[in-house]
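Presented as structure tokens, the chain that follows is alone, the form predicted alone.
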């Protein structure tokens, strides 16, 4: 056996039979049991609400037709579809950048980002399914009548199918080494680890091959991400007959806000993982400082886009644009709009202060993650709804839209389902990549 085929893993990292697995894998404390029960109950309520909607139609929601029915056909479901797809952007983007530029400080959060992307894409797909009164019929029609030149076609194929598949492959390839290490030890998940390892041997040559594969996967995924999220923006930005949607900034605005909300979620999830597992020594303050700087750059860019957007809709607007701008700035949606601006500006101010003073705090960075996601959810809602209720070109009366309990139950149920998926992953597999000398 040559030196190149010898395992390079430190012998201390090889766990003997019956030893405890790292990061509390397989351990269910009372708090974890309570968490799983609570999330399961909330998910069950969401499923009940969805079944009610399937049986009775969208009439049980707050959605109504445009114009004569004075409502909105797109509401909470579409707003959160856009939000979930946006959250998925930063997770895999950060993971890809880590692999390409070998940013060691961020390596411990790479798998968290990859998992966040996969879960968010699944939730986004379910959110858009909830918006369709007959989801299975819509899937069949996509294959029969889909037009490749339509942004809607790109949304369902490139974003939900291609993007999700690429993210799953990336997560799998970067997880094989840990699966092979854990498969060497007796545990209830030994069989699963062997299947995931798929013959992986922890040698120098194997690591070199995996680094090359993940590098080229990252190179391939990055342009796909930009195209996919731009396509979601085109669904709105190319609708010339809808004031507030048609514009060249929609696609880049969607990409940048996706990065803002995604990195904000990655920060929050990394902080939770750091506290819930034995990884405080791995996910360090430096990782949060890196993420905070990335978030600040994207946040400043998006605030600039927002300023341009406000100027555009208020500078000599037409009649319909005037109605829309008044509804956003001082009317029905003003509290949502200015609440979003305050949240985003406050987050930018906190991050700027930390960057200038070089006094980074995990608690403060976590707070900025919460703030930017409040702002992102509000902005997604404002992108979708006001242009339907207050952006009519035909002489219809002003519309209204208020989500009811069915819509909220389904959306909250989706969040609970996402929490269940992430929690289950943490109890089965290391959510932070193992070090070569990782010991239990």
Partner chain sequence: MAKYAMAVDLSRCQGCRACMEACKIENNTPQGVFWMYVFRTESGEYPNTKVDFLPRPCQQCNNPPCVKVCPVGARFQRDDGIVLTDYDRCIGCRYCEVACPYGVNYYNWRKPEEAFADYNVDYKDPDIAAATGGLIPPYKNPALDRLQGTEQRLTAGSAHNVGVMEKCTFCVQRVDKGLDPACVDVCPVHALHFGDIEDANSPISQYVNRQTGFKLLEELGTDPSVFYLNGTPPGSDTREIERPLTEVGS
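Just so you know, these numbers come straight off a predicted model, no measurement behind them. Positions refer to the first chain, counted from 1.
Quick note: we don't show the form predicted together with its partner chain, though the next part is all about it.
Listed residues 374, 66, 383, 42 were compared with its partner chain in the predicted complex; 66 is the one with a heavy atom within 4.5 Å. This chain lacks the partner; the member of 146, 191, 162, 339 within 4.5 angstroms of its partner chain in the predicted complex by a non-hydrogen atom is 146. Contact check for 35, 277 and 429: none of the three has a heavy atom within 4.5 Å of its partner chain in the predicted complex. Only one listed stretch (220-228, 361-369, 132-140, 89-97) carries heavy atoms within 4.5 Å of its partner chain in the predicted complex, and that stretch is 132-140. Shown alone here, residue 393 lies within 4.5 Å of its partner chain in the predicted complex, counting heavy atoms only. Residue 58 belongs to the set of residues with a heavy atom inside 4.5 Å of its partner chain in the predicted complex.
The closest heavy atom approach of residue 150 to its partner chain in the predicted complex falls within 4.5 Å. In the predicted complex, none of the heavy atoms of residue 203 sits within 4.5 Å of a heavy atom of its partner chain.
Along 73-100, residues 73, 74 each place a heavy atom within 4.5 Å of its partner chain in the predicted complex.
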